[in-house]
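Just one chain is shown here, as structure tokens, and it is the form predicted alone.
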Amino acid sequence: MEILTNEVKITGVKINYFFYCKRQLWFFTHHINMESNSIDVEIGKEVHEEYFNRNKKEIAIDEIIAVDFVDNNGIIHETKKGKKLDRGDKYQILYYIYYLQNKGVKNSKAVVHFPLYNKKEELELQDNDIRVLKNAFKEITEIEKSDKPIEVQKMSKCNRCSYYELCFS
């Protein structure tokens, strides 16, 4: 499996950052982590802690992925504080499925819970998703090996980003 033989370890967080903001990915891969100062991240942790409190949580696998929990049928369960998945969240979870399939786990499904909105969404890994992920692996490797972050690109989501000060001060 190519994600295990690359010089660069592709983690679930890197997949999420890649789809959210490539500049944020560069900061993160160069050990500049601003997430500890983020109120959004703190709220997400609290929602995660409150929900599924009887289930085993945070199953770390190979220091590559960390799923919230896996049920008796092998289905991955993730919890999100928002009311819908953004592209980064979606591909991070699809990457979990892909990673586990490549480790021999036959699960091909995940359920994402949005407890604050009392809804859930199912995800299944499709062939097109695998192509998207493989392209992301190549770009993530290039970004991580780069000496400089990519140029700032102002987006509406920048105002809520924990890296805002690094980009715009």
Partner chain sequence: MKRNYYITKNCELKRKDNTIYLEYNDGRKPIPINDIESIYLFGEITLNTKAINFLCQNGITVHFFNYYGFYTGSLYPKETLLSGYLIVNQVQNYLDLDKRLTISKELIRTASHNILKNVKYYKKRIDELTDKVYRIEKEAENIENAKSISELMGCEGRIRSIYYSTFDEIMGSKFEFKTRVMNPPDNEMNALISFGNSLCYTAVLSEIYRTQLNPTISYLHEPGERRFSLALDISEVFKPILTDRVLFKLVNEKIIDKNDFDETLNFCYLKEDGRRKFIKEFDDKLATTINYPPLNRKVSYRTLIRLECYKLVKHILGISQYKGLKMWW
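A quick note: this is a predicted structure, and the numbers were derived from the prediction, not measured. Numbering follows the first chain given and starts at 1.
Keep in mind that the form predicted together with the partner chain is not shown, yet the notes after this line are about it.
Of the options 30, 103, 120, 109, which one has a non-hydrogen atom that comes within 4.5 Å of the partner chain in the predicted complex?
-> Partner contact (heavy atom, 4.5 Å) among the options: 30.
Heavy atom distance at most 4.5 Å to the partner chain in the predicted complex, all of 23, 159 and 166 = Result yes, every residue of the spot touches the partner chain.
Should residue 136 be classed as touching the partner chain in the predicted complex when contacts are defined as heavy atoms within 4.5 Å?
-> Residue-level check for residue 136: no, no contact with the partner chain.
How about residue 34: is it within 4.5 Å of the partner chain in the predicted complex, going by heavy atoms?
-> Yes, residue 34 sits close enough to the partner chain in the predicted complex that at least one of its heavy atoms falls within 4.5 Å.
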